[in-house]
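To begin, one chain is listed below as structure tokens, in the form predicted alone.
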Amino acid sequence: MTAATTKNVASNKTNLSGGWPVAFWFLLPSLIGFTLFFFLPTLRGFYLSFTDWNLLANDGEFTGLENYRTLAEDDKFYDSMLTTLWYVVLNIGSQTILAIMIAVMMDRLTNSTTIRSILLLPWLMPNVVVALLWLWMLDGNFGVVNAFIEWLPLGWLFGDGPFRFFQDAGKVIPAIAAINTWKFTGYTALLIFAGLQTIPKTVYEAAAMDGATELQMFRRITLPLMRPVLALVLVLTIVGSFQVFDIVQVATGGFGGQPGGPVNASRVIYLYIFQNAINFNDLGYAAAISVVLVIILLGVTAVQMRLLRAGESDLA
């Protein structure tokens, strides 16, 4: 190595080490926002979980682990978790499969930006608007979905109508999962599509020359090379699915219904937290449920990252 090269390397190291102060100032607005709107509220929520807090009086007393003892014996909490888990299974299963299929078709067949824009339209709509839209479309009296089922006809598949999706205990969670699948599949597909762009096209060309079919290339090339991206997508979608609230609140509470109904068949965990904090004025107990939910989601995320080997890539 020549003296000039050694000098350039040393200069580059100096520039890299000197870049941290500059980077800090760029990160500072995000750090302030994270501290004010996430870290400090999280600490306060953790403290409130050890209190009997009156939201209206904005005051309470320290009760230690009493909220957690109550939580351990609360059948409604376990029912809400099971309902949420059932929703997560339906939503993630349908959303992930559809998103992968759409992303692969976009990657292999078209690069149209118009199609990508159309896919994002449902995701751009506010959740409350989506819930109101599907509340009308799934209505048992004048909803277009019932009319469509009758017109096809699909009675042999769904049974005799009209179908009151949000008033039927067996249909309400699948209906909510279908709504969220419709809303978020396009966004999830674009995340996967972005990951597909990192796979060299020469890999597919070599496989095609060897006689591999599209299905074989998908199973042996696309899925293994997409593992880190799929891990990220699954973490985001599963955590987001556990946080479903507004669509349940609006869709099941519309037209005189009871949020979480019928007979609490759609009372997901976030709705149960909301009911304890607002309806029952028991903010301390709601905070305890939130803390337990955070711990559960951290555990689920850690297991996912471990099983999917998210930090490894076959492209390296």
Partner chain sequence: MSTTSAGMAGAGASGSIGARMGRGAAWGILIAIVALSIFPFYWALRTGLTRNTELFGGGQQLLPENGTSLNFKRVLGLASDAEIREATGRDNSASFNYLLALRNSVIIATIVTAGQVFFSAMAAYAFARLEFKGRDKLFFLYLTGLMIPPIFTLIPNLILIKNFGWLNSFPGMVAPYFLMTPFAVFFLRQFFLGINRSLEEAAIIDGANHFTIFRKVILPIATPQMVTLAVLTYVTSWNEFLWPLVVAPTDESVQPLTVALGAFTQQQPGTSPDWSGLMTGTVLAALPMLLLFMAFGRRLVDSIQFSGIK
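Think of the rigid core as the biggest set of C-alphas that the two forms share within 1.5 Å after superposition. Numbering follows the first chain given and starts at 1. In this text, all values refer to a predicted model and were calculated from it rather than measured experimentally.
The protein also exists as the form predicted together with the partner chain; that form is not presented, and the subsequent description refers to it.
> Should Lys76 be classed as touching the partner chain in the model of the complex when contacts are defined as heavy atoms within 4.5 Å?
It does not: once the partner chain is placed as it appears in the model of the complex, Lys76 has no heavy atom within 4.5 Å of it.
> Within 4.5 Å, heavy atoms only: does Trp151 come near the partner chain in the model of the complex?
It does not: once the partner chain is placed as it appears in the model of the complex, Trp151 has no heavy atom within 4.5 Å of it.
> Is Met101 close enough to touch the partner chain in the model of the complex, meaning at least one heavy atom pair within 4.5 Å?
Yes.
> Any chance Pro174 has a heavy atom within 4.5 Å of the partner chain in the model of the complex?
Although the partner chain is absent here, Pro174 would stay clear of it in the model of the complex, with no heavy atoms inside 4.5 Å.
> Enumerate the residues of 184-211 that have a non-hydrogen atom within 4.5 Å of the partner chain in the model of the complex, in sequence order, or give none.
Result: Tyr187, Leu190, Leu191, Phe193, Ala194, Thr198, Lys201, Glu205, Ala208.
> Hey, does Thr35 budge by 2 Å or more at the Cα between the shown form and the other one once the core is superposed?
Result for Thr35: yes, a 2 Å-plus shift.
> Using the rigid core as the reference frame, would you say Phe280 shifts its C-alpha by 2 Å or more between the shown form and the other one?
Not so; Phe280 is displaced by less than 2 Å.
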